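In C-alpha cells, the next block holds one chain alone, the form predicted alone.
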C-alpha cells in the first residue's frame, strides 16, 4: 500500500465526493417529493392518476439507472431535447428513486390503522389535515428505515454518473487507476470515500427512528 500516493490524491477524491454528494442529495430530495406525491395518488385512489403513478413506479423499478441515463443523455437529443450531464444525473436519480420512495411511503401509510383516519374524520378534519396531522406522522415513523435504505441505495447509484463524464467519485477513481496503475490504492480510497459519505446517513437513520418513536409517532395513538 503506497500511502504517499493515497495522501497526494486525497484532494481529487474530495472533489469527486463533493460532486457525488451534491447531485446525489439533490436527486434524493426530488425523489422523496415525487415518491410522496405518487404514494398519495395511489393511496387515495385518485382516478386516472393512480394508474399513471403505478405505471411509472413499475417502469422505474424495472429498468436500470444506466439505461435511464443513456436515454436522457443520448436518446433525447435524437428528438431535439438536449440536457446537460448534471441535469441528466438529477433527473435520472429522481426518476429511479421516486418509485422506491413511493413504495416506502405506501408501506408506512398502510401500516396506520384505519381507525386513525376515521377518528380524524369524526373530529371534522379535512382530508389534507387528516394526512398532515394523523396519517403522515405515524406512517413516517414506520417508513424511516425503508426511506433511509433508499437514500443509501441512491447515493451508491451515483456511481453511474461516470458514464455522463461527470467527475464523481467513480470517474476520479477510474481516471487514477488507468493513469497511475495503482489499482489497490485507488479502490481502497474509493471504498473509504463511499464509507465516509454513507456512514453518517446510516447513523442519522438510527437516530431519526429512535426520535420519532420516542415522540410517539409510531405507536398508533396520535388520536
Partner chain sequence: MQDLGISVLFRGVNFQRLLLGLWVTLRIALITIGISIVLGLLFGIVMMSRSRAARSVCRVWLEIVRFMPQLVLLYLVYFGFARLFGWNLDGEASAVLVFSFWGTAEMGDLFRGALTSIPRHQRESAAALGLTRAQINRYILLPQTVRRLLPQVINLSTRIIKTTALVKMINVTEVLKVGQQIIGQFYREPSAAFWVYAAVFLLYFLICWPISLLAGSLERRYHE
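As the structure is a prediction and not an experimental result, all values here were calculated from the model. Residue numbers count along the first chain shown, from 1.
What comes next is about the form predicted in complex with the partner chain, which does not appear here.
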- Do heavy atoms from each of 70, 152 and 191 fall within 4.5 Å of the partner chain in the predicted complex? yes
- Message: Please determine whether residue 29 contacts the partner chain in the predicted complex, using a 4.5 Å cut-off between heavy atoms.
- Response: no
- Is the gap between residue 54 and the partner chain in the predicted complex 4.5 Å or less for some heavy atom pair? yes
- Contact between residue 74 and the partner chain in the predicted complex at 4.5 Å, heavy atoms? yes
- Task: Answer for residue 199 alone: is it within 4.5 Å of the partner chain in the predicted complex, judged on heavy atom distances?
- Result: yes
- Message: Where, within 163-178, is there a heavy atom within 4.5 Å of the partner chain in the predicted complex? Residue list please.
- Response: 163, 170, 174, 177
